[in-house]
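Given next, in structure tokens, is a single chain: the form predicted alone.
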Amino acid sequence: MINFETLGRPVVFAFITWRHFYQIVYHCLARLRVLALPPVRNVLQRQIYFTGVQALGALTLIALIAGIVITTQITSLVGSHSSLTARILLWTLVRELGPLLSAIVVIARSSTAMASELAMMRIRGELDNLRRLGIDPLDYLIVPRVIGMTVSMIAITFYFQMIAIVAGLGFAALVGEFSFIQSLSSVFDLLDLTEVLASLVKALVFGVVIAGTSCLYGLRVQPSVTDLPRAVTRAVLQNIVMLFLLDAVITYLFFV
């Protein structure tokens, strides 16, 4: 016999989660003016520094490896064909792997840190203390974090793509028979505005979703230290699922 109560519980939970996520994103968009306040602006700058600047080391290494590996696979299939190599490299990195791998790095570093930090603040009662002082926790803690992570996501996505393309073409020129300068110039000739726009939209959406979800699960943690790991795990899993789902949807809208 079907237990409708058991089946309906996940649906209700998903609806509540989506509603709270929408409320967080809407609040951030409606309260952008609080970024002009020095304390909030300091939180924004720290978030950009942590998510963007401090991630450059790991991001550069992954981009170098990704560019070389992808180019190796391409040249093994098409040979020393500089224009075709550059075209496939652009399709692979700009359309798909650039935004995806950048977002995965952000989830691994910043999503976990953001969710655990907000969860600890809730457990220790710091959110209630802010309210007693007349400070809206969403204005002071959530708005700069969501905006900071979104801006960083856009920046590091384009950085990742640039490094991976240069590394891939440099490696291909090193082991192949075509010029690096010629291959790099063909990249700019082949680069399409639609691909750049799709990459920008993916980075923007990924940044908002990752930041909003991380804040949501951090704020929803139960007042117990033992619930903190579960909240962080839920945030990471939810972000990964939404990441691939949204990537498929955006790719379909732009290229199908």
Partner chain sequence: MAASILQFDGVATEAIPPFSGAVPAGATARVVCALHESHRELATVLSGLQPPRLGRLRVFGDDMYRLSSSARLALFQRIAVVPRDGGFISNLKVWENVALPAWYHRAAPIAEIEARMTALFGELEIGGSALRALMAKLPDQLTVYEQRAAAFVRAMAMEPDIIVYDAVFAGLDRQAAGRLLRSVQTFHGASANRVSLLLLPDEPFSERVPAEVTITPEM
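On a predicted model such as this, the values are computed, not experimentally measured, just so you know. Positions refer to the first chain, counted from 1.
Although it is not shown, the form predicted together with its partner chain is what the next lines describe.
Colleague: Could you confirm whether Ile135 comes within 4.5 Å of its partner chain in the predicted complex, counting heavy atoms only?
Modeller: Residue-level check for Ile135: yes, a contact with its partner chain.
Colleague: May I ask you to check whether Val40 falls inside a 4.5 Å heavy atom distance of its partner chain in the predicted complex?
Modeller: Yes, Val40 is a contact residue.
Colleague: In the predicted complex, does Asn129 come within 4.5 Å of its partner chain, counting heavy atoms only?
Modeller: Result yes; Asn129 sits at the interface with its partner chain in the predicted complex.
Colleague: Is Asp139 close enough to touch its partner chain in the predicted complex, meaning at least one heavy atom pair within 4.5 Å?
Modeller: Heavy-atom contact with its partner chain at 4.5 Å: present for Asp139.
Colleague: Is it true that Arg46, Met121 and Arg124, all three, sit within 4.5 Å of its partner chain in the predicted complex, judged by heavy atoms?
Modeller: Every residue of the spot touches its partner chain in the predicted complex.
Colleague: Counting only non-hydrogen atoms, choose the one of 85-93, 140-148, 181-189, 158-166 that falls within 4.5 Å of its partner chain in the predicted complex.
Modeller: That would be stretch 140-148.
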